[in-house]
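Only one chain is given next, in structure tokens, and it is the form predicted alone.
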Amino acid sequence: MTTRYVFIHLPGSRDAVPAGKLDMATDATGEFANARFAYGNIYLKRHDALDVDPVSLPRDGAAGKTLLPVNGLPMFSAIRDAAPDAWGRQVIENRLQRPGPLPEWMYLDHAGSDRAGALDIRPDRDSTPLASTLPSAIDLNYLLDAAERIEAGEPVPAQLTHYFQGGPTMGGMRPKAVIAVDGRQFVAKFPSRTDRFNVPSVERATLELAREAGLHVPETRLMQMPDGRTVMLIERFDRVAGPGGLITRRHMVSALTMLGVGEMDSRYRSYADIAHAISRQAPGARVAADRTEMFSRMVFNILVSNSDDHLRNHAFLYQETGGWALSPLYDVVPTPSHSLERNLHLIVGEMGRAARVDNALTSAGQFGLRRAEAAEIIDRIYRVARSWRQTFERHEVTAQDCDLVASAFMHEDHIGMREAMSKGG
């Protein structure tokens, strides 16, 4: 049994406080088996305490109890959200010069204190946070060099370790790092050696297209390196920049956590499931707006063929006024395909995962929308998305890359546009 302590940055505070004890058990082969958690009594008495995990770890009735993850999951999902993602794990393995997979506690120990969201995991209750000095935009060339070596399975030279901390963020295998720019924190997303097109520039343009369609998108920037490489920056929405350079943290969990399911169950869940989680968890004044935003994101993902729309690519942020709200949009990249039949990762409507807007229309009521309202949203987003090439060119995507992703944007005849307009009228 390995024990660690979970700390949390409460709303508006600079320093984290201990929330409880995490025990991690292994099986006979030494593989991680399961976790359990107990809140600290002092923490439970705080007037400003938050649930570490809003689904698996409610504070009500938790005093003196040892809690287990819901639905037989091995780890508490909110803690998994604060652990390194797949790329962060690869960074840690490289830094330690040890092939993975490593014991779960090692990933938690070596992730640093600047994790996604408001949680931190430390060796004991009196531990101080690990020192963290974020690199800046001027360090991007060094970070790119380090990322390329890590992707290739090569050790990172000592002179690059200062620049590449590999702090975890929710995401996947794509190389990335957290950097400081103008007193704010951004995730720098790098090109990968397996890319078929310039993913950083295309992702940035896709997010800006979403902004034009009325979706909630963080600030993005595109950085061109002297050697021609491109890096996309997206501002962290789990950090708040305050006066005097003070950065505070926001509690954040994935939709996977809100639904209480494991990674392998994600594809059996739907956008409507996220809408129902919004109804349960969001402040009353935000429910309608967040459900409409979720429906709009589903439609946008259909129109740009973003098939990487799994539950970790949707998140919730805790509001200082209470309750959980949908986070801004992130991780949206078109998926080119020659097939006329497309599927999203999540279930869309009565036609399952079929990437068609008439399929989206069938689930409108689960987002609190009348069919006519949903049809108006579909029409509005489609009118923006069909001009995608102009937006991409305006945001520095080359003509060659536009051609390479063009098949992701299907003709209205193949996405059920006319059927949706006729049924929603």
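Heads up: residue numbers just count along the shown sequence, starting at 1. A quick note: this is a predicted structure, and the numbers were derived from the prediction, not measured.
The form predicted in complex with a small molecule is left out here; the points below concern that form.
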Check: Taking heavy atoms and a 4.5 Å cut-off, does R249 contact the small molecule in the predicted bound form?
Finding: no
Note to self: Quick check on S201: any heavy atom within 4.5 Å of the small molecule in the predicted bound form?
What the structure shows: no
Notebook entry, point to check: Wondering, does R236 line up within 4.5 Å of the small molecule in the predicted bound form on heavy atoms?
Noted result: yes
Next item on the list: May I ask you to state whether M173 is within 4.5 Å of the small molecule in the predicted bound form, using heavy atom distances?
Entry: yes
Next item on the list: Please determine, with the chain shown alone, which of 277-285, 101-109, 327-335, 350-358 has non-hydrogen atoms within 4.5 Å of the small molecule in the predicted bound form.
Entry: 327-335
Notebook entry, point to check: Among S296, S307, N313, N94, which has at least one heavy atom within 4.5 Å of the small molecule in the predicted bound form?
Noted result: N313
Note to self: Considering non-hydrogen atoms and a 4.5 Å limit, which listed residue (V187, A272, L73, I121) is close to the small molecule in the predicted bound form?
What the structure shows: V187
